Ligand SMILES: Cc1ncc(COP(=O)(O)O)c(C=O)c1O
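Next up: a single chain in structure tokens, the form predicted alone.
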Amino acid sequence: MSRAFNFCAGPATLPEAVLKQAQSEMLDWRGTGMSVMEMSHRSDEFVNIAETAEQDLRELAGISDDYAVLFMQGGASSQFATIPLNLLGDKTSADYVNTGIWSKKAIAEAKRYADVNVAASSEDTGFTTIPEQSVWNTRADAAYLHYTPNETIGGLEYDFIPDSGDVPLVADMSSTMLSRPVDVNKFGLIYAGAQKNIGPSGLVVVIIRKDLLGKARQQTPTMMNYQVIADNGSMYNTPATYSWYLAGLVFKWLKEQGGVQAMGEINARKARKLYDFIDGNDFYANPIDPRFRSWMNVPFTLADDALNSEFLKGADARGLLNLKGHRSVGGMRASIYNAMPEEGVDALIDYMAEFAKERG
């Protein structure tokens, strides 16, 4: 049985080598006679798995000892509340930039706990571009500045890291984490849901500068308190052990590919190929300002929406899966994360060319 090319935005495709290793270790992890998902999270075996995964992530992302790495549950959406509860401290306000649906969700949740200042927004353009930072209305007394480097649904991505001065910079990197080199030291906190570039769903990785720990409000639930999670090695309760294990396998795989520098070069090439084809064919279109097009999530429309169902049916028949755009946007979306091989992008382009020739 041949593997399909899965363009789903999340849960996303995983490296085939990782799946095969997990398969081989499913019933018996390294002679223990049991599966990782059966192990006690307190056992020496799992503690080794967890510690190795963290160390590999630190090496891949260049995370210094000034930062704690937390493996939490609840996905990135749970962090929308966890962040203000932990970072506001004795302050009451936080700055947010609104560039799409995930930004809006983060803003709506934060408003339950903070005076949220929307420092900039591209909603008036239909989230097709990103305002220059020179026009942002940020506040020097804000507890933090939050932004979403890549809007998974809209396919809008920053080509710069905002300068937040002395205000901690917070980023939702769910769909960009490990896709290219990033200077972690420019951030106060980075969080990323696992189900795009890290592993399966059920896990969220939080990278937080240690001086930001210990500021949680008294009403913060224990399981959402970063200091508690850090003090307990992300094992205050039973963590998402199998997701953590699989993330560790992905980290090993990334190192074998040459790390994030090599992966960034591959991802840039994949995205460039697909956008060049879309721009060069009148049958397809992408609505995003070319400067801010996402490397990871490529939305596109057909010349005639009435052909959408036929396009998707033909794609499925060729093993090109999950290309339907998000219900709030419509059209198509190809998510081409780290684990999507370049051959998958080539196969998609070949099909798009064939479909345009027949229906254009």
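Numbering starts at 1 and runs along the sequence shown. Values in this document were obtained by computation on a predicted structure and should not be read as measured data.
Separately, the form predicted in complex with the ligand exists; it is not shown, and the next lines address it.
A single residue from the set F127, F80, F251, Y284 has any heavy atom within 4.5 angstroms of the ligand in the model of the complex; that residue is F80. Mapping the unseen interface onto this chain, P168 falls outside it, with no heavy atom inside 4.5 Å of the ligand in the model of the complex. Among heavy atoms of G75, some come within 4.5 Å of the ligand in the model of the complex. Within this chain, T148 lines the site of the ligand in the model of the complex, having a heavy atom no more than 4.5 Å away. Among residues of the shown chain, W102 is one whose heavy atoms approach the ligand to within 4.5 Å in the model of the complex.
The stretch that touches the ligand in the model of the complex, counting heavy atoms within 4.5 Å, is 188-196, out of 188-196, 208-216, 255-263, 275-283. With contact defined as any non-hydrogen atom lying within 4.5 angstroms of the ligand in the model of the complex, the contacting residues in 158-174 are D172, S174, given in sequence order.
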